[in-house]
Structures are given as C-alpha cells and as structure tokens.
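One chain follows as structure tokens, the form predicted on its own.
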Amino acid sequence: MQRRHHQASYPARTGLFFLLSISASAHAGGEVIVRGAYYKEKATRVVQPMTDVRLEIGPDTEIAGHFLIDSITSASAAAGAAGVEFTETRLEGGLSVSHRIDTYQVGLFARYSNEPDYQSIFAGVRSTSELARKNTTLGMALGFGIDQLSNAGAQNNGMGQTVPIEGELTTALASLSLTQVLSSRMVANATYDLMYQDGFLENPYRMVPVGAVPRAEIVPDSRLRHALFVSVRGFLPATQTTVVTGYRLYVDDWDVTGHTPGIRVVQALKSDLDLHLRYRYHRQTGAHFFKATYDNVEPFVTNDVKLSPFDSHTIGIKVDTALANLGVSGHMASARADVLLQYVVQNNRYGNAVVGHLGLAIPFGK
C-alpha cells in the first residue's frame, strides 16, 4: 500500500530467454543476475525476488533490464486496520541503454511499477565524462516521474474504508556526481541529489489520532529534498583489504534532517572469495508537524514513523564467491554467488528488523 519498492514469474523468464537468445546470436557479452531478498520487522514481511539482465551490444553500447515482484504482508495500524493482515504484490520492470563516445557516456532509463493501489512511471537521462586522463569522472542525471495512487486496497483487504481516495504525485530529480582517483589505492566520490515532489504525498490509508477521533493524514502538497553522499574507498595490499567509509546528509523543507555515517570492510580470503562486514548508523529529526497524537485538528497531521525522530544501527555480514570455490567447473565456474545477512536496531514502533539476501550472477557470451 502506497509503496515504492519484488518473485520472477513466467513473463520474466520468457523475457530473459528472449534476451539471451538475442545476445547469443549477436555474439554479445553480459550477465544475468538473480536475487532474492527477505525483510522482516514486527508487523511487516517483504519477499522480493528479482532478475537483472545486462547485455553488451558491441564495444560501446550496453542495454540493461530488470523485472521484480514485491510481495508484502502486513498487519499495520498505520494502514487503518490494526490486526487485519493483508498481502499486496507490486510488479516492476525497467530498461536502460547507454552508449560510450570516446571519454563520454550517455544513457536513457525508464521504470514502471504497478500494484492494486499505486502505479508509477519514472524516466530520465544520465551521462558521465572522464577527465584528467580518466582520474576524474563527472556524472549527471535528470529524471521525472508521475504516480497515481488510491485507497483501492481498503475494500479488498476488509479495512472498512468506503470513501474512495485518489491522488497524483509528480517527482523531479537532478543528480550530480564526482569521482576522483586520489592515488593508485584510493578513490573518493561525492553525489548530490535534489528532488522535488508535488501532489498527493499522504498515505491514503493512514489514520491519525486527533483527540478521540481518528482523522485522515494531511501533509503539505510539496516537498523539496536534498541529499549529499561522500565516500572514500581504499585498498590495503598487505592484507588484501578494502575499506569503504561513507557519510550521507539529508535535509528537506519539512525540517527532517538525517545523518548516516557508515563503514564497510571487504576482506579477500582467497582468490574470488570475499568477506564483507558492514556497520551503518542513522539518526534523524522529525518533521516540524509530526506528533504521535494530536489534541486538536491542525493544518497538518501525521504519525508516520518515517517522519518521526529516531535512530538506527545496521550490522551486516556478506560472503561473495565464485562458484569455482564450491567445486563447480566449466562455464559456470566464473559465476558468482553471495549471501547477505543484516540486523537493524531501530528505536521506533517498527521495531528491530532482519534482512536476508541471496544472489547469483551468471556471465554469458564472449
């Protein structure tokens, strides 16, 4: 319900075989990536299988596509029906194409998703330029999206809401990035995202306690969002260790400010076998109009956890290996598998969460 968030179905498999047949006939290279993700917190469970295909069409052109299904089961009071468990499925497909011209790369991308109460389309352009003997890379992206949402799931899931609610949301995105090689063993990156949203930003199911009477959520009809992310990646050859540190600053005109530092250590255990350890901390302030409960009706009312002040800790471990290390030979020996486990500690009503991920990347062609 009002999600932007994925089990590969028959259409996905058919499309995958079609793309593979094209690549084989054109002698192109590429890879197929199959992933499955699992997320569980106190009142919500998400199962998210997905398939990505990347094709190299000649030396300078690449086409990529993805298909996913987002299956969420929840029993959330925020959805207007405490204790009523519901399941929704969202289908998403995306396609991108990029082409290199000397030191420049340009591309187009588009994504469409559909669920019973939310339809979204987003498209844009991106480009990169390599300077200073490829030691500096500048990137830019522009995107625009239109979402159509409603409370159609209320009747389907027995939530007792009978008044139809419909809305439209437009999103504009501009992104700038800089990647700089600092030395033969160190690279820095900075990315700035500017997003403007206009339209129906409420959750059409969320009911907010106002005195003794629950009322529908009301938030401003526009939101200007800024995000700056900086990271430094370094390699220690003596121990075959890669260390990645990063920090994200988020601010918007609803007075939400977020600070998210993190660190990731990748340790090579043997050839094509890596261990990843991760820690991330997040702390944010709440929107200026957020309250858990309201005594009287105010211009804006919301008890959305994502707009509340809270902090969280994410601890993760991942193992990434070539299948050759598992005794696989032949073409599949170069395929890679990974397993990820994360635990999220957060002091809000969502409660702590467990995240699991399985992935398999299979190269083909060439």
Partner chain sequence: MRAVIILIVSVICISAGCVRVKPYEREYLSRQAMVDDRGPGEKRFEQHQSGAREGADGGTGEPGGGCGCN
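Positions refer to the first chain, counted from 1. Since this is a predicted model, take the numbers as computed values, not measurements.
Missing here is the form predicted together with the partner chain; even so, the following discussion is about that form.
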Full three-residue contact with the partner chain in the predicted bound form, heavy atom 4.5 Å, for E56, Y279 and V328:
no
Even though the partner chain is not shown here, does L224 get within 4.5 Å of it in the predicted bound form, heavy atoms only?
no
Partner contact for H288 in the predicted bound form: the partner chain, 4.5 angstroms, heavy atom
no
Is there a heavy atom of Y39 no more than 4.5 Å from a heavy atom of the partner chain in the predicted bound form?
yes
Within a 4.5 Å heavy atom cut-off, is S129 in contact with the partner chain in the predicted bound form?
no
Looking at 207 to 215, 228 to 236, 97 to 105, 291 to 299, which one sits within 4.5 Å of the partner chain in the predicted bound form if you count heavy atoms only?
228 to 236
For the heavy atom contacts within 4.5 Å of the partner chain in the predicted bound form, list the residues of 116 to 134 involved, in sequence order.
Y118, S120, F122, R126, A132, R133, K134
